[in-house]
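Shown below, as structure tokens, is a lone chain in the form predicted alone; questions about how it binds or moves come after it.
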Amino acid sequence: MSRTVGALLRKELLVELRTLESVPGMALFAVTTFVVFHFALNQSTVSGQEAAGILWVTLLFAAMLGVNRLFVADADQGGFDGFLLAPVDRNAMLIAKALALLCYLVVLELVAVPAFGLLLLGPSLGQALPGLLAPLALTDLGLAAIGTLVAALAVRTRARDLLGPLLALPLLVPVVIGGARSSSELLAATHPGGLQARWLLTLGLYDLVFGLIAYAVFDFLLED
């Protein structure tokens, strides 16, 4: 199965490198949103819960652009049919797609987080960044698991561009809450604190539950 996942993941990344359909749009959306907040808010910088809310909500909506495109090429160009004819584990596609989305999110954050620190964040990003790595990693895992599952559900429908976000956003609200609550004290302007461990544990448990659900039902979604 690992060879199948590796081949599929390599294909996904090569297609993205050649077409640039997802990651540039995600990064541009995030940076543009931070620019809008920079000029729209009646203050020069943000910190604490306000900063955490802006960061995580922006990352969530930027990630939805990648989620919507995750299975489109397979549905439009017969990729599903070819994969179903191959004698491989069906869940290999789930893992490969989730890993590809995870790579997209990492690249997005390499662009978006420094832009957020430059345009909006009051405290030094260098001081908060080491503590942000754990919430970012857990949030990315949740986005990858839930986003891949929802994309597989929505891609065969006519209104997939609308149905995908409508299904994904309610499921991803706890992920955003966990990321924001766990990191709000790190982004405080005065006396920044540490990570909120209970929110990190909640976020990790939520990721695990939906990862198992996606693994259990993906085979049936692919064949239907």
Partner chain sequence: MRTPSLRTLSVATVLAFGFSLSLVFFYAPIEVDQGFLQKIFYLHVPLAIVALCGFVIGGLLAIAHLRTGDQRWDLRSYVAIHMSLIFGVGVLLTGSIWARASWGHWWVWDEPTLVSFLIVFLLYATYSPLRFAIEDPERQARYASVFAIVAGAFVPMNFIAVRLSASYVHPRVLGSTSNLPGPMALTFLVSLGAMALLFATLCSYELAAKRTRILLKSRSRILGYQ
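Numbering follows the first chain given and starts at 1. The model shown is predicted, which means the values in this text are computed figures rather than measured ones.
The following text describes the form predicted together with the partner chain, which does not appear among the structures shown.
Segments offered: 24-32, 177-185, 38-46, 58-66. Contacting the partner chain in the predicted complex at heavy atom distances within 4.5 Å is 177-185.
Contact annotation: of the candidates 129, 99, 153, 111, the single residue with a non-hydrogen atom within 4.5 angstroms of the partner chain in the predicted complex is 153. With a 4.5 Å cutoff on heavy atoms, residue 197 does not count as touching the partner chain in the predicted complex; it lies far away.
For the chain shown alone, residue 212 is not a contact residue for the partner chain in the predicted complex, no non-hydrogen atom being within 4.5 angstroms. Shown alone here, residue 136 lies farther than 4.5 Å from the partner chain in the predicted complex, counting heavy atoms only. The closest heavy atom approach of residue 149 to the partner chain in the predicted complex falls within 4.5 Å. Counting a residue when any of its non-hydrogen atoms is within 4.5 Å of the partner chain in the predicted complex, the hits in 160-188 run 163, 166, 167, 170, 171, 173, 174, 177, 181.
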